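This document opens with one chain alone, in structure tokens, the form predicted alone.
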Amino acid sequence: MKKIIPLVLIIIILSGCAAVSGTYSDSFFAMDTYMTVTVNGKNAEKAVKDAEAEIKKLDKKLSAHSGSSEIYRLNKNGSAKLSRESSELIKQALKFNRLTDGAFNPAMLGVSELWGFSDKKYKVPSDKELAEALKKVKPEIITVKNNTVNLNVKGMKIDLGGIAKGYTSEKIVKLLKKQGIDSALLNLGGNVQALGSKPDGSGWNIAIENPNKKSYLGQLAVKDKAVVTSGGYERYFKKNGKIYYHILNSKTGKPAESGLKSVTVISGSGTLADALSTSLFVMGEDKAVKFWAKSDMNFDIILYTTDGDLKISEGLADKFKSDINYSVIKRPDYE
């Protein structure tokens, strides 16, 4: 799991929520980041506490860095019988690896450790070191059967941090629905998932931070959607005047230099939004747009380039507001 506050902080605007009867909100630390769960309705406090307990339960299973977690045990032994949640999430991670032609890769932990992104002892590895580490990056040969996972390459390590919070937000939405909750907002360290709308029926207003730290890229109104942003600038180090971002290209083992500064994915699925935000960042603008245009998955995108261009997909045209000039990407132009 990522050991920092998220890649790109998405600010939750809760105006009009705090005064509503039956609203309860609480913040806590889990999955190596700060989280806030806000619930509207009867038994809101119990629902929030139950959500917190479930999140921490999943964290204990899914962390790649906690010595007592299932994923840590899998990485150590190369094979392990896991819980249904862990094996299910690994299957999802492998699916997105295939769908994105490797842009999403859950087997990059060993390479990330070479750069020092896991323990913050940063260094620039040699090409020889990277080549050796990349021999162990083979997610396509990982097998999952009856909740038993085999990595099948000695020394390969997986990290589900690029998808775990999105998966967790979906699990929590299902938990809340079972309790009769139809209005809630989850901010799992910047991975935002809305259940329904605000109590007054309007959409939840999510402000997307500008990577340049100047105001926001814009504001988005959503209902029943996840909003996840990825960008390298929230976690990086500088060496000899060069900046090295933590999002790695699995083909080179080096930080992705894709021409994008941030990618936001909006979808009903938190798992999809989490996985694709990283994947599209690695792909770069052209491939990301073509992937969106040709995909049969239901999601929208917001792209911000290193040149300062802001682009949104056509499905957001009536939901997105910004003081920055932006263009709308239309599917027919890329199909």
Partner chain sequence: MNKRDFVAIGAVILLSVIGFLTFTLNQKGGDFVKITVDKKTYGTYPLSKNDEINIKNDSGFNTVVIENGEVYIKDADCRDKYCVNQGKIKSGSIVCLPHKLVVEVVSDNDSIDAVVK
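Owing to the predicted nature of the structure, the values given are computational and were not obtained by experimental measurement. Positions refer to the first chain, counted from 1.
Another form, the form predicted together with its partner chain, is not on view; read the next lines as being about it.
Interface residue among 205, 250, 87, 97 relative to its partner chain in the predicted complex, by the heavy atom within 4.5 Å criterion: 205. For the marked spot (29, 215 and 227), a heavy atom within 4.5 Å of its partner chain in the predicted complex is present in each of the three residues. Using a 4.5 Å cutoff between non-hydrogen atoms, residue 157 does not count as a contact of its partner chain in the predicted complex.
Although the partner is absent here, residue 192 is a contact residue: one of its heavy atoms lies within 4.5 angstroms of its partner chain in the predicted complex. Put simply, residue 112 is far from its partner chain in the predicted complex: not one heavy atom of it is within 4.5 Å. Residue contact with its partner chain in the predicted complex: residue 34 places a heavy atom within 4.5 Å of it. Annotated contact segment (heavy atom within 4.5 Å of its partner chain in the predicted complex): 115-123, selected among 97-105, 149-157, 115-123, 252-260.
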